[in-house]
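Next up, structure tokens for two forms of one chain, structure 1 and then structure 2.
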Structure 1
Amino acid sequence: MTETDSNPTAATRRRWRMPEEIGVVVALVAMMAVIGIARPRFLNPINLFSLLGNTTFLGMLAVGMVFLLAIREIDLSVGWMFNFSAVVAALLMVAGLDPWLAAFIGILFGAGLGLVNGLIAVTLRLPAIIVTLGTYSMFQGLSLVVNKGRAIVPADQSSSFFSVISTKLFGLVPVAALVFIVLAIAMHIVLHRTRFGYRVQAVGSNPEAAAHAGIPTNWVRLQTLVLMGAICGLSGVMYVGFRGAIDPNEGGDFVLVVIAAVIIGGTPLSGGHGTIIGAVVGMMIIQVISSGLIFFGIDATWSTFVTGAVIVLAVSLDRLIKFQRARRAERSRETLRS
């Protein structure tokens, strides 16, 4: 019998331990409540599902970025992998290929771009952030060459690919958002319930120890970067289905928002740990702030500052909660010792 088992109070506390994402979830709910009280129209289901829809494409990238941060890597090329995959899929559709097949090829193409990042990073033993600093421009440039600097708009959008992805169930819930939620749940399970997920966190926690324990660290890094590419591909082809077009400059400004969402959600830059739920909530916080500023009628000249300030506030409150929880846990341990 363990020490805590002998103490019913401590055992109860352990059973009722709050999830680590509670801080950002409370921050999100509080923001929505405050905006909703001041501007009741904000809580209109149409607006809330619109916000969920707005979270979809960047949110998918954030889900993949959690794996990278957990393994102590950052991929700066996510926006252009998204764009390039979407452009390739859209061009195949324009060429007459079945949109479902074109979308599948687009996802594989995204995985291929991730593989390029991974192979360079692993073979040259470079951090992904350095490699993707270069491939960021390479993928952008190649995408511009392929799309000739113009939007790609598949002319025939009668395929079920477009109607299914852009459909809103009950006139409210975007199917694309449901795909995002399913992806997030699947990736949460992969990160926390599979050998691959444990390995990602082990390598991110201490690469040397992971290597000594027999984990093929290079293989895990490669898999993670390919996964990121495939998710970018998925997000890109879904974007084509949802919006019916892909523009040459779309995706260029995604990376900072994606990394911000993951960090707001509670995934540390130091690696070894990640939270998919936190990243999803982090992305929703960013969307709620953007929407809230407009509902409050805050002018553009102030909104940039307010956006940053609210993000800092949300992260500070989350850290404050975690700090207080850590102190309480420490006090509990001291009490048990005494």
Structure 2
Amino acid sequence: MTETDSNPTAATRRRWRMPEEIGVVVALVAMMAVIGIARPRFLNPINLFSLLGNTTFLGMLAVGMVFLLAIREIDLSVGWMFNFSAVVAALLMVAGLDPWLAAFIGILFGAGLGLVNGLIAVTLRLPAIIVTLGTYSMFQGLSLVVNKGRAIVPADQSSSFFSVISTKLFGLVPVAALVFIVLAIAMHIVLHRTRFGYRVQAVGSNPEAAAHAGIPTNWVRLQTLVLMGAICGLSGVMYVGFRGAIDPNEGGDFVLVVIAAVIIGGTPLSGGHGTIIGAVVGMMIIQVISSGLIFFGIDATWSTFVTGAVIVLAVSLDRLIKFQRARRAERSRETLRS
């Protein structure tokens, strides 16, 4: 008889375990309720859907960053891959290329930038955070050279690309936000229901054991960094379609917010696990904080401080929860031994 058979209560607990993202969801709802009670205009549907739209482009990057943190990596260049991909796509549109084709090339270009990061990291056996510390400046510099330090504004925006991306269904729901939601669902399935997702979490959990099990760890690292680049490219070209332009410095400060959202959402820096849903909710929490400060009349510059404080709180709570779980597990083992 197995331990599960002899302990049906434990089996029931595992079977009916609440989703791990429930904590951040409750935190998001509580924050929205508090702000809404104090400032009822905050809960206006127009404002809420505007928040969802503001979450879209950074949220996409957070979805990709989940895979990297799950594999114990961090990409510091995501903001400039976003920017450089958007600049390339916008310049192709200015040159007269069909915007849909230009957008597709922009996504491929982003994947290529991710490939550069991956090849350097794998070939030199360096952590991605070290490699991307350098490519952060490289991509920024090249983007500024290409755009000549000026915003790129496609002159002809009559194409369906711009009208589709910037459309709001029922006058409220941005199409770009729907694309973000579809991407998040797809990546959630990839992370938790595919061989690639299993390998990402296995490598992040224990690289040596994964290698002994026959998982090509370097190939998985390379794939993950390329995926991050492709998502940056997708977010960048959609930004061009939504805003109709790309500023030369747009994206430079994205990385802190993206990593913050992923950590707040429950993906540990120690790797081995990731939650796409948590990252999406984490990004929404950051947007709610920024919007709430405005509704309360607080200087928006405080949002960076508050975001950092939320990160510290989230990491502290994560450590506390893990410590409590470890203690309970140790007590259970001692009980079984006795």
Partner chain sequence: MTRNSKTLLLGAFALALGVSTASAQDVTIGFVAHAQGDPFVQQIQDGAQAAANDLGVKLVVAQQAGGAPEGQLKLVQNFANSGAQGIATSVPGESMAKGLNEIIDSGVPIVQFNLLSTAVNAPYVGEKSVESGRVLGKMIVEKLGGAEAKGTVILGNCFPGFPVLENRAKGVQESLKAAPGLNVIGPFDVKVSAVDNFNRWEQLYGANPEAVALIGLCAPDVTSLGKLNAANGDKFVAGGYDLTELNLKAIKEGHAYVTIGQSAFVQGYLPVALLVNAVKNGAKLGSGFHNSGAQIVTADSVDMGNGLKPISFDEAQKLAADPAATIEYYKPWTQSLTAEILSAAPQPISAESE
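Given the structure is predicted, the values throughout are model-derived calculations rather than measurements. Residue positions are counted from 1 along structure 1's sequence. Take the two forms, superpose them, and find the largest set of C-alpha atoms that agree within 1.5 Å; that set is the rigid core.
Quick check on the two chains I just loaded: which one is the form predicted in complex with its partner chain, 1 or 2? The chain shown first - structure 1 - is the form that fits the description.
What is the C-alpha shift for Arg331 between the two structures, rigid core superposed, to one decimal in Å? With the cores aligned, its C-alpha sits 7.7 Å away.
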